[in-house]
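Given as structure tokens, the chain that follows is alone and in the form predicted alone.
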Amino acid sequence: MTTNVSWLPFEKEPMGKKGLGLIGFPLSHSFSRQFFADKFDKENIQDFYYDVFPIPDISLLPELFNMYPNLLGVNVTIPYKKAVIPYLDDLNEEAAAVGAVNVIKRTQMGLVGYNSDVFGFGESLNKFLQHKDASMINNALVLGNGGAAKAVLYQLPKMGILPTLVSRTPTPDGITYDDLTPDIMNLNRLIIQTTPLGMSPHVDESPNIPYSLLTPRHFLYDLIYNPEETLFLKQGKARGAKTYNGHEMLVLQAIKSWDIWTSDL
């Protein structure tokens, strides 16, 4: 086994335990590691471990699984949700449709990609929109065009909501921040923030939308959970908008990940 590799949490796997983890880069903070540590402790699960693997290049994924033969699967975060796909042997139907992966499972057929963000986002957004003022929301702006945005763009139509992608540069199927006119802001009462802007420690950043056009009729959902209230949400709340962060989505996608990994054990 290769040693002295900075992205390895340990040289040898814990004896007799099945491995789970998180890949991304950098990984300064991990919700998932703490979530699963708490889950294993609370449910007295002793035959699993969960750790982080801050691999500096996605091409190292096969090496990671070769070096850890008991590694059952991993979660995938920024910036690898799309880049990981060529290194997988198969995708389930949902991940293939979304075009992004945040769960990998080692199977007899090789490494298979899944997307539990879709489930986590859909369930948490549905709870957010139970608010009495959320009736007749049929349109939404989706800020960002990364892997998380793809899960959001996939799920919204299933909930009867027409999404519009908003990014810094023009795309064939979206608009730019400069295109956000008063009419567009009025039509799209739901705004979903999927970029890393505002994530700790860069808490003074936020997407460049016209916040002055927000009203109490707007609903702002930020996939970020740290900090609990991003600058994006703060600016919306200051104008009376309802706000929701990504913590519940993370919990739900983590639960879904566990179900995927252990479904045939």
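Residues carry their position along the shown sequence, with the first being 1. Everything quoted here is computed from the prediction, not taken from an experiment.
From this point on, the text means the form predicted together with a small molecule, which you will not see here.
Only one of Ala95, Ile192, Val103, Ala148 lies close to the small molecule in the predicted complex, with a heavy atom inside 4.5 Å, and it is Ala148.
Proximity to the small molecule in the predicted complex, taken as a non-hydrogen atom within 4.5 angstroms, holds for one residue of Gly73, Pro163, Gly144, Gly174, which is Gly144.
Among heavy atoms of Leu197, some come within 4.5 Å of the small molecule in the predicted complex. None of the heavy atoms of Ala241 is located within 4.5 Å of the small molecule in the predicted complex.
Heavy atoms of Ser167 reach within 4.5 Å of the small molecule in the predicted complex, making it an interface residue. Using a 4.5 angstroms threshold between heavy atoms, Leu250 counts as touching the small molecule in the predicted complex.
Note that among 219 to 227, 52 to 60, 33 to 41, 233 to 241, the stretch whose heavy atoms approach the small molecule to within 4.5 Å in the predicted complex is 219 to 227.
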